[in-house]
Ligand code: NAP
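First, one chain by itself in structure tokens, the form predicted alone.
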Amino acid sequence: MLIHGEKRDGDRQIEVLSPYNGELAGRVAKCDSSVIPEVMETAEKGARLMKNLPVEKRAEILRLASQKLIEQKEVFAEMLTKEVGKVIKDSRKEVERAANTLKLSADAAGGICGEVIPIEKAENETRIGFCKRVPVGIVLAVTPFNFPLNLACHKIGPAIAAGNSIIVKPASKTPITTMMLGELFIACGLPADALTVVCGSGEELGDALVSDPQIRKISFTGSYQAGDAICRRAGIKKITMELGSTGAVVVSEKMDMKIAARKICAAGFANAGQVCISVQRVYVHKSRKEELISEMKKYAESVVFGDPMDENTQLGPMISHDAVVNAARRIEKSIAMGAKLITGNVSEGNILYPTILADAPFDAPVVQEEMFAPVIVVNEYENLEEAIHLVNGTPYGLQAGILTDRIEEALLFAENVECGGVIINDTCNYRVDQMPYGGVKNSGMGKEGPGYAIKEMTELKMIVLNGKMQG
């Protein structure tokens, strides 16, 4: 664990193994609820320090951390590839994005402001009302395995910018990069008690953290099931939930199917499909379905997979054998229900070959459940109203995309799709770190993106000043 600015070993440890070859990437202390009193005492002290730290100093720390991340890009990228299994090129991109997220947080720190509120005044009264944003105090960040660096920065950056202290609980499969990030922040001048990193299971550590009344804000990224459990335990706290999705893309009949296939497959197979906004469902006009499937099949079967440290590798392993087994189970069940296998559904170690299915029934797992794997299902539609109905027909609503040459189709789609984000002429996988990012329905609540997350990590305090005391 990282506490009081120092890395500390424990009696028990988590061994972090490469999902590609099983080699040891490193070890971290495995914590349980016994650490809670010290962690909370530290975070309370850190919150007091951060509240009084000038905003210029907070921004300076964030900018320095951003700079240091870029300077150490290769070190962080190699660890990301070791513990996550993502290909080295993508790991470098994640470090670059994380550095940008911290810079965006620094920029947003200077824009934290309130507003003047009109106040009704009696005759001869002098009153003014205004509200200001104040830090919530202690933020708890629970981060997932797939982007352990950038998604940690999406929580740590705004928390620091807003003047809070933060406790980070990374995924047990990928805690090392987050621990390295914490050490980097301390080296950049962040008060030692302002950032604590603790690792452990959800049952032994997570439950105790989320239910602690001293935590005033929880920012969680992960599955719907875990998010639902956190919400039930949290009590009265501010909560941001970035949960799952079954990302959908609609392809209209006038599109170039080679371009569409390339966009869709690149977005569906990136990071072995382990991205919240991966393309999972494709709805293509029935007149072009076979052409699109043919082009997607060519792309899928050309993907280079293997050692994620190899510069030429495009697809690395999934995070674990269990993840591969769960994906295969959903694929097989969908096929049994009538879906057609176009290519894939073969695994080698923890690598699941790029998989494409077609004509899956509405209630098949590949349609209704988050696959979080390199799996794409292609179904047809007859008109845009039907396509919108199909896109909306799952419990999730994070992002959706449409590829079309008709502005009226784009606007109708944007107006009627039940998602937190609609991407026109790109896939649902598109995201830049400054945008408000978050879903509806079972995809969660609240927004990330530093400027928006800062609002989630502050409270509005109303102040009314009576400038003239009267008896």
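What you are looking at is a predicted structure, and each value in this text was computed from that prediction instead of being measured. Heads up: residue numbers just count along the shown sequence, starting at 1.
Heads up, the form predicted together with the named molecule isn't pictured, but that's what we're talking about next.
Proximity of Gln314 to the named molecule in the predicted bound form: non-hydrogen atoms within 4.5 Å are absent; the residue sits far from the partner. Within this chain, Ile112 is remote from the site of the named molecule in the predicted bound form, having no heavy atom within 4.5 Å. Using a 4.5 angstroms limit between non-hydrogen atoms, Ser223 touches the named molecule in the predicted bound form. For Ser219, no non-hydrogen atom is located within 4.5 Å of the named molecule in the predicted bound form, even though that partner is not displayed. Every member of the trio Asn146, Pro170 and Glu370 reaches the named molecule in the predicted bound form with some non-hydrogen atom inside 4.5 Å. The stretch in contact with the named molecule in the predicted bound form, judged by heavy atoms within 4.5 Å, is 226-234, chosen from 343-351, 226-234, 95-103, 180-188. Note on the partner interface in the predicted bound form: the residue among Gln72, Ser294, Ser302, Ser201 having a heavy atom within 4.5 angstroms of the named molecule is Ser201. With the partner omitted here, the residue from Asp207, Asp307, Asp107, Asp359 that has a non-hydrogen atom within 4.5 angstroms of the named molecule in the predicted bound form is Asp207. No residues of 99-119 lie near the named molecule in the predicted bound form, the criterion being any heavy atom within 4.5 Å.
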